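One chain is shown next in structure tokens, namely the form predicted on its own.
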């Protein structure tokens, strides 16, 4: 049950993860490829060695790959897992799928958004034409037997029905996609207040739907604002305290992915990660030395090159780092 509106949701990241994310949780993380992934929370989940997670995402990249690579995820429902030019298909994700260690059920980007929207609306499904004529309809990641044995899985991946209104609207057939209601959703935002009201600058992706569909919501934010700050331009706010269970103030909480208007993604980190992830021994060393050994997010940040971080700070006019060459994916002098 959500606390009353006059109660602060402020907490620490270790406390939020320990209390709300348990082994076997159905977990959703926000962000898109290398944009606004809740990476500090991802790393804390790895440190606390959460296991058997059933993970949902829209089109995520770095967060998904690191959770999968660390052995935290049993099942994944997603539209796309990649980090653009750094890894068109996430490295550890691909290896886990090919080895049979990870079960994956795929949907289109639009279908995943509709599934979260259905969860947010409190309806069991929503109709769409997205996916008609594709193998998304016939290729299931979870078998019928698994679905019968697990009451958290819908009986069908999706369903095709005749339009109950005939051909009205120009559609003879429709696909029904099942709602998603995660136990926990974690998103990273630019600004939030202590009650859990939040504002996302730039593209929101499917974060709003994911947040509203969840039974519990953890918000990590770059900046904690005064109680009255978000009231000055309420039309810019997307998340209400009514949905929020925990607020954690974490500057650079999306690093090494980007947080629009605050800092850009780190191409050096992402290049090195890709090469490390391809080698099992190197990857295990990376997890232990870079992620698990630092006791928290701030210890992790302290190990980063401060000069490089400074060059990633966003230009206030454009929202992006001036020194990042997006053609070469390298930092310029």
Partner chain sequence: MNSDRKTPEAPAGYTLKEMMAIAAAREIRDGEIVFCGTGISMLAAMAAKNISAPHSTIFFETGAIDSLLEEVPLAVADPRVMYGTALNGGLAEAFATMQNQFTGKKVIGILGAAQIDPYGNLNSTAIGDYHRPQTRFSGSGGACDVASFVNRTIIFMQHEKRKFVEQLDYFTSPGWIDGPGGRERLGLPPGGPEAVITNLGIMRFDEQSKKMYLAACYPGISPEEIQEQTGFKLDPTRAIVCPPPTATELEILRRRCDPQRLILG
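Numbering follows the first chain given and starts at 1. What you see is a predicted model, and the numbers here were worked out from it, not measured in a lab.
Absent from the display: the form predicted in complex with the partner chain. The rest refers to it.
Proximity to the partner chain in the predicted bound form, taken as a non-hydrogen atom within 4.5 angstroms, holds for one residue of 251, 141, 71, 154, which is 141. A heavy atom within 4.5 Å of the partner chain in the predicted bound form is found for exactly one of 104, 120, 159, 224: 104. With a 4.5 Å cutoff on heavy atoms, residue 255 does not count as touching the partner chain in the predicted bound form; it lies far away. None of the heavy atoms of residue 229 is located within 4.5 Å of the partner chain in the predicted bound form. In the predicted bound form, at least one heavy atom of residue 110 sits within 4.5 Å of a heavy atom of the partner chain. Among heavy atoms of residue 324, some come within 4.5 Å of the partner chain in the predicted bound form. Of the stretches 180-188, 241-249, 216-224, 203-211, only 203-211 has residues with a heavy atom within 4.5 Å of the partner chain in the predicted bound form. Three-residue candidate spot 32, 128 and 265; every residue lies within 4.5 angstroms of the partner chain in the predicted bound form by at least one non-hydrogen atom. Taking a 4.5 Å heavy atom cutoff to the partner chain in the predicted bound form, the one contacting residue in 158-174 is 173.
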